[in-house]
Ligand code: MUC
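Quick setup: one chain, the form predicted on its own, written in structure tokens, and binding and motion questions come after.
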Amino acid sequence: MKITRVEAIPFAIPYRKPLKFASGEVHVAEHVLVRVTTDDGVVGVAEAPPRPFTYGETQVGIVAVIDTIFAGQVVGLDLMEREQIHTRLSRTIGNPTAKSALDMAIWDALGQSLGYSVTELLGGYTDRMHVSHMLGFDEPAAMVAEAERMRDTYGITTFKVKVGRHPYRLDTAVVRALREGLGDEVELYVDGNRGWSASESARAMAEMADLGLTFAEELCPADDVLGRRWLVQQLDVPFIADESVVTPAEVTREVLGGSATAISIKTARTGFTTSRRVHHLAEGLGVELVMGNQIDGQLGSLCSVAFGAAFELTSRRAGELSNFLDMTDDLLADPLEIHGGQLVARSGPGLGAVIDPDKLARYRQD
């Protein structure tokens, strides 16, 4: 089970419509397919979605760091030497999605080699998760229509609403329209992507106090240390830290410092190895977890549900697993399907992901 080859293949697939939010917008999935091959001929795969406006990574940068640094550090190691692999990757600062995709491809290869699914290797709590759909900026009527389509077509009844615009009432009007249009049986929470100040966030949350929100996420920057702490202390819903908690140390600082009361795990930025550390840390601290979405494709969403289904704590809440529905195509030979508001983790060895070679040939950029 020794690693003999690592590949980083850039590809690009357009979205049907751009996803817009406070820190940026995405029109094309310019991602990187990572493949890890072993001496037994097993090939593990994962997907790296660069988000330069959040983590500073680009598609070109991810390919470069994997090809010139990470590949040489892991080739020759056994798949079971996961801590050695983690230590070697950690020597390089930053590059979270590049590291995470390599980590997850290794776990996929390990599962295939041992004959177990990644979900089983991680914990095996369940085989599925309820799905939350992320709604980007648009007019209120358009966002209500999208939510209704997701509910009626896929059975999704949990929605994460992007907020953080100015004036903030643009977004409070949307959330109110969603609640009035969808009714009380639908779960809503908001994500500001650091777009508001602490005071704007407080005013917006006060105006939405009657809308039954479940969470508020990253409404203001974590670097506004005192302002964010002041905001979190007055909220009556859990405050999710997301892009401010890329490492377990950042989770500890945000939670113990009173700047967050819940955590978003994104396998796209912490892989399986570090996501497991974050999960155990959150469990010990007694904070809620949500499986987040980095505007992942189907392979990335498959990684998210594989991890989320492995643990009781992450499977309690709906995971953000549906934004691949906005893409015009994907690389998987057997596309994911959401039924009854749920996405099932695949039961075969590893992740159960098979890449369609024709689609890869069509969309690859190298």
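A residue's number is simply how far along the shown sequence it sits, counting from 1. Note that the coordinates shown come from a computational prediction; the quantities given were computed from them, not determined experimentally.
A second form of this protein, the form predicted together with the ligand, is not displayed here; the remarks below concern that form.
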Would you mind fitting the ligand into the shown chain by superposing the local C-alphas on its pose in the predicted bound form and telling me if the pocket reads open or blocked at 2.4 Å from backbone or C-beta atoms, 3 atoms or more being blocked?
-> open
Residue within 4.5 Å of the ligand in the predicted bound form by heavy atom, from 134, 281, 177, 237, is 134
State the residue from 119, 95, 293, 274 whose non-hydrogen atoms include one within 4.5 Å of the ligand in the predicted bound form.
-> 293
Given that the partner is absent here, state which listed stretch (156-164, 86-94, 111-119, 249-257) has heavy atoms within 4.5 Å of the ligand in the predicted bound form.
-> 156-164
Might residue 242 be said to contact the ligand in the predicted bound form, defining contact as any heavy atom within 4.5 Å?
-> yes
Report yes if any heavy atom of residue 103 sits within 4.5 Å of a heavy atom of the ligand in the predicted bound form; otherwise report no.
-> no
Quick one: is residue 191 in contact with the ligand in the predicted bound form, heavy atoms, 4.5 Å cut-off?
-> yes
Can residue 23 be called a contact residue for the ligand in the predicted bound form at 4.5 Å between heavy atoms?
-> yes
Is the ligand close enough to 54, 217 and 266 in the predicted bound form that each of the three has a heavy atom within 4.5 Å of it?
-> yes
